[in-house]
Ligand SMILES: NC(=O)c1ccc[n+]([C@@H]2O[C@H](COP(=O)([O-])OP(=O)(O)OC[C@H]3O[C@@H](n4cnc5c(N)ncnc54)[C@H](O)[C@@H]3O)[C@@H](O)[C@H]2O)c1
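Presented as structure tokens, the chain that follows is alone, the form predicted on its own.
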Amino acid sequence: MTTHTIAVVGSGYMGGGIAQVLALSGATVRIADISEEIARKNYDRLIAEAEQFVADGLFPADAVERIRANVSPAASIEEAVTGADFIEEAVPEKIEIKHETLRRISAAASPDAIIGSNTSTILIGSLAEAVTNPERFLGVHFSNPAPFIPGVELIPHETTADAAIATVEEIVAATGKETARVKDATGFVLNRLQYALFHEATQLVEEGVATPEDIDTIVRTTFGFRLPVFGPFAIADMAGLDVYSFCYASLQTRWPERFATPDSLKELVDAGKFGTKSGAGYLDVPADRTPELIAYRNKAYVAIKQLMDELGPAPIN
């Protein structure tokens, strides 16, 4: 496995968390911010956080020593990126700040150093305008809190080189996280789905259907309970795409446009592809694997419930 030298530019809460997980994977990490003083303060903070994470059993026992050995604060962005083979930009979510930062990174970094942006909302193609050799640039979107959320969106733009994507996949895999490639589209995948759910939840509150507390209870104890194990397409395939079609028809009696049946769903149902029970659906899981899948599902749900019971209720109220 290649040992990477990585710069994280923007050492706040997200950047610091990214630096921690990269350092724990064995990478050499330099962090930078708008000044050396801030970078050093944030370095001290991420070390203190790591100490607490160890005490809480969230990081391995030797995590603090490994982070101290692998992370260092740099005097400037230019110093941090010099000699780095991968650079992750994690500055505030304003395009003018990111453009300025990316220009500085491009000017000081090796011309073949891969550059990633942790943006969650700004189109990667727009950010690439500030990058020299933009074929080495892509979105590398960690989620908050970075040390503990396992998924990372990878968002290439039109000219991102395949080799750059593959290298970033290797770097992220070394941290134990899981990547998914998505196209450069407004909201990417994570936030488009997240905000679609939030929008519908606020509609329910505003219509007086349920309180925020009861909606949160329903989400986390029903369909949200499935989501650590299965995504929406696997859930639909197991439920039956014909069932989904009937449910859409019911919702359309009140909201014909808002809940119009997706074209892809209609095409599958019309073709007799109802999901796992027919051996073909969105994911084409063979019908003979259904018993194995159901057994796995049930085991997973019982394990999740046991974990939630062990943790107890979240300290919200």
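Heads up: residue numbers just count along the shown sequence, starting at 1. Quick caveat: nothing in here was measured; it's all calculated off a predicted structure.
Keep in mind that the form predicted together with the ligand is missing from the display, and what follows is about it.
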property: Region of this chain that lies against the ligand in the predicted complex, out of 78-86, 97-105, 161-169, 180-188 [heavy atom, 4.5 Å]; result: 97-105
property: Touches the ligand in the predicted complex: N70 (any heavy atom, 4.5 Å); result: no
property: Close approach of F142 to the ligand in the predicted complex, 4.5 Å, heavy atom; result: yes
property: Close approach of V91 to the ligand in the predicted complex, 4.5 Å, heavy atom; result: yes
property: Contact label in the predicted complex: M14 to the ligand, heavy atom within 4.5 Å; result: yes
property: Contact residue in the predicted complex, chosen from I34, A63, L283, L251 - any heavy atom within 4.5 Å of the ligand; result: I34
property: Answer option from S120, S245, S126, N133, heavy atom within 4.5 Å of the ligand in the predicted complex; result: S120
